[in-house]
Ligand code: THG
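First, one chain by itself: the form predicted alone, in structure tokens.
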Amino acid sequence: MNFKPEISFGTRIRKSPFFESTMKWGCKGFTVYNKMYMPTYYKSFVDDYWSLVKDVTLWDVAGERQVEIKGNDAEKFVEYITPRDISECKVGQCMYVLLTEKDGGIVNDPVLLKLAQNHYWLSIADSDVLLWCKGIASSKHFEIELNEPDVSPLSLQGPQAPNVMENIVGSWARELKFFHFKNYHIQDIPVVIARSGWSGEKGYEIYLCDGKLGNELWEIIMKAGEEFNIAPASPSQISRIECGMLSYGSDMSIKENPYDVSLGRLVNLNKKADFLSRTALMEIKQQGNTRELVGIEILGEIFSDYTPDHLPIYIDEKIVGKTTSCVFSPQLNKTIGLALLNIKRNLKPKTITVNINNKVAEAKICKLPFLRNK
């Protein structure tokens, strides 16, 4: 059966401040992310990928909503919901953190931005973090305010991104350190500009702080990038898998703990501040994790079309794990992916196989990342 599924637009799902611009510039596919329409591709997934790795791309990632935490107990609250020690985080700095439930399961993997003393944003992946935070704040009586502010990010990614940003804001953009940000106005449009992004390329995230001005900001950036062959695009599954970047909901969920997905470096069991998952994560650490996230290369036939996720992985006809994300890499000319193996580190399998579209294919375990960040 050959058909093309569609997504219907309506008032129940929110539209981003850049929605009209994405339609004007030819977006061909959308998904729903944090109850908001978010683009998935323009020309094609591969064409958009080449624009990312060769030139520069602009993404509407307003679906990465912000959870604002402020008040006397804001730092205490953030420390409580993450096993990472954030006590050294300075104003103007970002940190990649995990939010973990009482049993150690991962609720989300946001980027934390510290705007002022006891004032933070969590720039979240796709899940109900605000409601989860409100429940914890109510039960523990933290003295904080929790809101979803009028803040919507764009992402400017690609090797030419610093040149585009210099055209817009000046030379200081090149000097902005990775995972740091600055408050700014772009032609009277209030923004926060962060040196960050979900790709293996150089990039920035531009947090619009007035939703009425979204399409105006989009056009300013596209105009500034004309000489650098800028193109509209969206978060690239190809790029992020090549660089070993995880996607919440695909590679991790509330069913996995940080050690399962090789993110134990984001856990500090000895940090001074109390945190929700301390007891559970201490027990998991002591017992040793039985799952490990790895890279895989699927051998033989190249699966350049759609490759389903969460395929069973076999060793000697026994299921020992699953793929979490698979994609064809144009740069490597290989089908690659991420996988969760239910085996201990000291067990080295002879042959791994996966079943793709009723075809058995051999695979091998690879070190991550497949390609280094640039």
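Residue positions are given as counts along the sequence shown, with the first one as 1. Every value quoted in this text rests on a predicted model; they were computed, and no experiment measured them.
Another form exists, predicted together with ligand THG; not displayed. Remarks below refer to it.
For residue 123, a non-hydrogen atom is located within 4.5 Å of ligand THG in the predicted bound form, even though that partner is not displayed. None of the heavy atoms of residue 228 is located within 4.5 Å of ligand THG in the predicted bound form. Of the heavy atoms in residue 48, none are within 4.5 Å of ligand THG in the predicted bound form. At the 4.5 Å threshold, heavy atoms of residue 84 reach ligand THG in the predicted bound form. Looking at 162-170, 143-151, 292-300, 195-203, the stretch with residues near ligand THG in the predicted bound form, meaning non-hydrogen atoms within 4.5 angstroms, turns out to be 195-203.
Site annotation in the predicted bound form: the residue of 111, 217, 89, 238 reaching within 4.5 Å of ligand THG with a heavy atom is 111. Screening 212, 102, 265, 272 for any heavy atom within 4.5 Å of ligand THG in the predicted bound form leaves a single hit, 265. Contact annotation for the candidate site: 75, 259 and 285 all lie away from ligand THG in the predicted bound form (no heavy atom within 4.5 Å). Applying a 4.5 Å heavy atom cutoff to ligand THG in the predicted bound form picks out 33 as the lone residue from 25-39.
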